[in-house]
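Shown next as structure tokens: one chain only, the form predicted on its own.
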């Protein structure tokens, strides 16, 4: 049997090397482009040199701010992480609760499913002013924007995953005398929780988008706030490290969720080809 490309699996070192290669290529392309622009204009701010990034990181992360007496980079990180962790946790709980209820109980599905579908089609950014009016400019409005942005998606996905639970399992549970509550807790929930984690991983990009938008409009600290604060000065030496840091945090968040799911639900991942 010929070894076709589709059947070849890279070894772990090869997989790591291939994963790192695109990042190294991007860095090399940036450095060449930056060098060329700085040769033409040493004051160019669009593509600053690597040394500018190092100076900015040292100033923001490791030098105490004279006005606030804090380290701005870490303060921004803590503020943003608190908001997104709270919002994603609330959204996951809502998604599991209403998704399973909609999928398992037809009367609830008939009543709530159309409403949730309609809410999921509303662009969250369009109602951002309403959130600030209703909830004020504090933390609640920022958290609610993320919740409204991703919770309907999680509900609809959990509803579908609940409906995909094999009917044979439901019938067998009822034959053994299980009531509706037992079926939901013992049969359905254990099977949809790992799928909930996968759905949360897929929604992280949207969650970060809504967080950055909320912080940019109404906040006094946060990663999104800092990016939009310095944009007027074309401070790419601050903006780009912040963007890279946000990407790294999102990657770590995703990685932790993936490993947690693999540890708690190995049976679910055994039949999956994951990235």
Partner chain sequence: MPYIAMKNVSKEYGDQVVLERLNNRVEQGEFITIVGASGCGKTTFLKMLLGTEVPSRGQILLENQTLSPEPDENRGIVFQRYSVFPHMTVLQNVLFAKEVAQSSLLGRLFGAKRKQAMEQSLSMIEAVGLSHAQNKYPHELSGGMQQRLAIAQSLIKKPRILLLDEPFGALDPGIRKDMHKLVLKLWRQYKLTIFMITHDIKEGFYLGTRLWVFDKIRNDPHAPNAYGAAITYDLPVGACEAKVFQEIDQNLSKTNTAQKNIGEQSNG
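Residue numbers count along the first chain shown, from 1. Everything quoted here is computed from the prediction, not taken from an experiment.
Beyond what is shown, the protein has a form predicted in complex with its partner chain; the following relates to that form.
Trainee: Within 4.5 Å of its partner chain in the model of the complex, heavy atoms considered, which of 110, 133, 118, 171?
Mentor: Among 110, 133, 118, 171, a heavy atom within 4.5 Å of its partner chain in the model of the complex occurs only for 171.
Trainee: With the cut-off set at 4.5 Å between non-hydrogen atoms, does residue 187 touch its partner chain in the model of the complex?
Mentor: Residue-level check for residue 187: yes, a contact with its partner chain.
Trainee: Looking at the partner-bound form in the model of the complex, is residue 160 within 4.5 Å of its partner chain by any heavy atom?
Mentor: Outside the cut-off, so no.
Trainee: Answer for residue 177 alone: is it within 4.5 Å of its partner chain in the model of the complex, judged on heavy atom distances?
Mentor: Yes, contact at 4.5 Å.
Trainee: Within 4.5 Å, heavy atoms only: does residue 10 come near its partner chain in the model of the complex?
Mentor: Although its partner chain is absent here, residue 10 would stay clear of it in the model of the complex, with no heavy atoms inside 4.5 Å.
Trainee: In the model of the complex, does each of 138, 201 and 205 have a heavy atom within 4.5 Å of its partner chain?
Mentor: Contact check failed for every one of 138, 201 and 205.
Trainee: Among 98 to 106, 150 to 158, 189 to 197, 79 to 87, which stretch has residues with heavy atoms no more than 4.5 Å from its partner chain in the model of the complex?
Mentor: Of the options, only 189 to 197 has residues within 4.5 Å of the partner.
Trainee: Can you name the residues of 249 to 267 that have a heavy atom within 4.5 Å of its partner chain in the model of the complex?
Mentor: Result: 266, 267.
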